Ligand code: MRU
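Here you get one chain, nothing else, as structure tokens; it is the form predicted on its own.
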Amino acid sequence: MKVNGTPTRAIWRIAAQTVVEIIDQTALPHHYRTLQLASLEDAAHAIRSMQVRGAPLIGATAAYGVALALLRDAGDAALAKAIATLGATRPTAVNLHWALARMQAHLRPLVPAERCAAAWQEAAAIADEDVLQNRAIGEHGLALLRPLAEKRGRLDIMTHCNAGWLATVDHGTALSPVYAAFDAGIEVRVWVSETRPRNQGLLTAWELQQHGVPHTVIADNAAGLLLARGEVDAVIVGADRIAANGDVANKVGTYLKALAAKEAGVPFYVAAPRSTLDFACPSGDTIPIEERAGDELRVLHGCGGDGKPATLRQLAADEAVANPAFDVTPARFVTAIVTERGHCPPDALHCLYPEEAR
């Protein structure tokens, strides 16, 4: 996708250097800046602090983190430490553990002298595959959206959190079909939930603006009203982990939208690549839910009147808060799951991935 007209990925290796560059998403939407990751510690901090976020992008960043770690030491102990350090950064997004398992399986059989170069190659392959998969998700998702557009001559789509290209290496998951529809000439508007408390919806608004897609930011609690009024043709969200039975873990607040969509008779789609599908996880009941720091609720972050980053405390430091980062939407509320292989009902994932049949 593009930033200020320039084709840009969310993570990339600086040519001919052993350094990775990312977009610092904690600075958006007020400021666009990039950061360089030069070590395992840099990569782990970027994931933990949400300088990078979104399950596919977390996985790609972790893969590059392993490559950065092996610059110092490519021995067995160093490889194991890198996998453990990165694996502990975020518990819910399965793409993280998928990418680390893939890196370990690829590197462990090699002698240490061969590992560093192989790690860079494998990390780049993971990133490139993510781009191709997300482009395919856009094509398959467009096939679902086009009939809806033909009924009214336009599309009003609701999304939650940020599942655009900022959450992936490129193209996005939930927003990939939206971009595909827009680029195909379909009149599109996106209802963008602010997604408290981290306000990832503001990232969605920023990237939609960069691409020229019409959109309107709404308070999270306005979603049900818009669905009930018939102002939404479909809801599309991404996922951080999808269980084998089709239960979906995604940013907290997704479940409420799914409930409201079901009541309103509006299709609720989930878009995710293969790396988000956890066939070893039988149901959403076994998905770990990350509990994040309470100050994400107590303290607001934004931009002051002088244009500089600013914070505002809305709750006392000792105020008790609960801050679960994700919730689980049962499969019965999901109309279809869209992957790079096509779309299917949530309980039929094995039809798209027969090799995973148990």
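Position 1 is the first residue in the sequence shown; the rest follow in order. Keep in mind the model is a prediction, meaning the values are calculated, not measured.
One more form of this protein exists, namely the form predicted together with the named molecule; it is left out here, but the text below deals with it.
From the list 222-230, 77-85, 258-266, 159-167, the contact stretch for the named molecule in the model of the complex under a 4.5 Å heavy atom rule is 159-167. In the model of the complex, at least one heavy atom of residue 56 sits within 4.5 Å of the named molecule.
Though the partner is left out of this view, residue 193 does not reach within 4.5 Å of the named molecule in the model of the complex, counting heavy atoms only. Interface residue remark: residue 238 is counted as part of the site for the named molecule in the model of the complex, having a heavy atom within 4.5 Å. Contact check for residue 90: a heavy atom falls within 4.5 Å of the named molecule in the model of the complex. The single contact residue among 28, 289, 50, 299, judged by any heavy atom lying within 4.5 Å of the named molecule in the model of the complex, is 50. Taking a 4.5 Å heavy atom cutoff to the named molecule in the model of the complex, the one contacting residue in 192-222 is 200.
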